[in-house]
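One chain comes next, on its own, written as structure tokens: the form predicted alone.
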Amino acid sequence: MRPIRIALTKGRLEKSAVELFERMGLDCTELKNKGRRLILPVGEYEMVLAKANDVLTYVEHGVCDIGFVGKDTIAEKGGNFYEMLDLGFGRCRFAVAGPDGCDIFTGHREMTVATKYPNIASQYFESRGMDVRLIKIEGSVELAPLLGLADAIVDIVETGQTLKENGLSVIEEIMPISARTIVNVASLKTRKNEIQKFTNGIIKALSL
């Protein structure tokens, strides 16, 4: 039987996850010296480095048993898996932002909102009873109101510095975000003890 396989989001979450694994007593030598390799041994486990959306796909389809991914990706894409633990790192928030002094909640004009996260934005504005036109942007979404393409944006905000430097500010926060652990539905049944051992190790390490 193959080792428990863990899909790990590359980049910022990866660094925090390595620190967590080391607190769990796992040998992260291969992961810290990965070069261009994408599948690496970490203790008795096997780590798969992937983009956030792909972490969900790999876990949902069972080629990975566990995934480390941001709540933003889970909320936007969804999927058939269990969300097990809030890891507490990678903290930021979804927010509506716009030019300083912008008020998008009054008046009857249809608002135009730019975002990388159309599902999150759609759910939020529907909950507010607002009819908005959404435009999906792949790059720096802050450009949209500066160019007159949109009245406001929905995006991830960490410190707010990028918004400030571009004459934008948070209008309303939508939801907090942090890194989460997800688990494949079938794996939790067929390899329950192994997964429980790993998640117990996480819980213990987080308390250190």
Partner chain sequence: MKKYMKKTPEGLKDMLYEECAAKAEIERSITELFTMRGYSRAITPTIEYYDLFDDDMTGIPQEQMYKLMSMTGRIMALRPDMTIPIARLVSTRLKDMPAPIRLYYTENIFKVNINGSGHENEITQSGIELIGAKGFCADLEVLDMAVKVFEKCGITDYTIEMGHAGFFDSLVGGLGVDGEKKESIRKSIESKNYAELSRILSGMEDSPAAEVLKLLPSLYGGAEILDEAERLCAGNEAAMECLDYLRELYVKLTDISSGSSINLDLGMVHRNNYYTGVVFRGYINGYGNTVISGGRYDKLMEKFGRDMPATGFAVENNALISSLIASKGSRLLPKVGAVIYAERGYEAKAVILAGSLADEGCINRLCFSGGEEGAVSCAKELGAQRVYIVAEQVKTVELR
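This one's a predicted model, so the numbers in the text were calculated from it and none came from an experiment. Numbering follows the first chain given and starts at 1.
Not pictured, yet referred to below: the form predicted in complex with the partner chain.
Put simply, of Glu46, Glu142, Asp151, Glu60 only one has a heavy atom within 4.5 Å of the partner chain in the predicted complex, and it is Glu60.
Taking the partner from elsewhere, Thr190 is found to have a heavy atom lying within 4.5 Å of the partner chain in the predicted complex. The partner chain is not drawn, but in the predicted complex it has no heavy atom within 4.5 Å of Arg93. Contact between Lys116 and the partner chain in the predicted complex is not found at the 4.5 Å heavy atom cutoff. Interface residue remark: Glu83 is counted as part of the site for the partner chain in the predicted complex, having a heavy atom within 4.5 Å. Exactly one of the stretches 166 to 174, 36 to 44, 23 to 31, 61 to 69 approaches the partner chain in the predicted complex with heavy atoms within 4.5 Å, and it is 61 to 69.
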